[in-house]
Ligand code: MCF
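In structure tokens, one chain follows: the form predicted on its own.
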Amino acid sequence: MSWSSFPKVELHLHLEGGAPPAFIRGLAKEKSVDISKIFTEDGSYAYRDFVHFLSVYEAATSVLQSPEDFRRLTLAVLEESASHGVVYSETFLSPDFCGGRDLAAWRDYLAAIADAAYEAERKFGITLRGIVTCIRHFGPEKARETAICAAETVGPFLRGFGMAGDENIGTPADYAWSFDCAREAGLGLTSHACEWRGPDEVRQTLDALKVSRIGHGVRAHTDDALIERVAAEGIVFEVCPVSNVTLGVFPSMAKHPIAKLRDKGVKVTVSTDDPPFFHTTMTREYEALEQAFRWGEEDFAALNETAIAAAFCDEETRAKIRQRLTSGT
């Protein structure tokens, strides 16, 4: 069957990473900024490996310079997501890229993003909620400033706090203060872990940051004791299969451990991560999983229920989305 219209929930989407290349090229032209080197001849993003991907990502975001730019970005990303059946999405937002962690500036950016999200809900039928992320390779001190921005702006739209970036920098415990700050403000907690480092990265993240969700987590599948703990504690993995294969974390979809993790009782969900960078969509994710593991409607419905149960939204929103998932609209 065609999966494009199947209603979906996505928990792991970087807002800037969802920017269509044409949108970024258009903004660069408007601002007379030359970032032509980050694109291939066919117009897509060009990078060699994960570290280079991070630099290309930051170059692309450099043309996003105002709240209005982010308002336009949000509409573009949500229109694309909705076209692939996404009815609820959570996106990572970084005050680092929205006003340099200045609280007053961050409020302006957040207001523009939230306004665009509500407009997209009216136009495209997709609901968005925000998760502030500190950037690990920017260091613990800047993460504290980011956490304060999050704690001061928690509300109906901003629901979570997390960490992204290069997990080879430092340890999760270095960022404990920031997560404690966010927790005290009532934000849901998630963190990227175990995409590149081994299983102990998940263990350290759970112990030090006390998150309920892990971004990726996929290398943990080799540690049976850890997987038993993850399953017993109900920790949710935000898995991004095509991203993992594209970046070489696993050689192919057939070798991806998402099915093994699920079979061992881990709560897994499916997301796109940075879709245009990895030439993916939620439709493609479903198609790839169907082909690799013969998953069908019941499997994807179960994944969506796991996702909406783990979402950081309020209960009224959760009930509304559940109704859309069960009705198929």
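One rule holds for the numbers: they count along the sequence shown, beginning at 1. This structure is a prediction, so every number in the text was calculated from the model and none was measured.
Omitted from view is the form predicted together with the named molecule, to which the following refers.
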field: Residue stretch of 261-269, 24-32, 39-47, 54-62 approaching the named molecule in the model of the complex, non-hydrogen atom distance within 4.5 Å
entry: 54-62
F97: touches the named molecule in the model of the complex, heavy atom cutoff 4.5 angstroms: yes
- request: Using the partner position in the model of the complex, report whether G165 sits within 4.5 Å of the named molecule, counting heavy atoms only.
  value: yes
message: Considering non-hydrogen atoms and a 4.5 Å limit, does the named molecule approach M253 in the model of the complex?
response: no
message: Whether V77 contacts the named molecule in the model of the complex should be assessed with a 4.5 Å heavy atom distance threshold; does it?
response: no
message: Just to confirm, with a 4.5 Å cut-off on non-hydrogen atoms, which of A82, I135, L226, I148 contacts the named molecule in the model of the complex?
response: I135
- request: Identify which of D180, D108, D200, E195 has a heavy atom within 4.5 Å of the named molecule in the model of the complex; exactly one of them does.
  value: E195
message: Heavy atom within 4.5 Å of the named molecule in the model of the complex: which residues of 203-222 meet that condition, in order?
response: H216
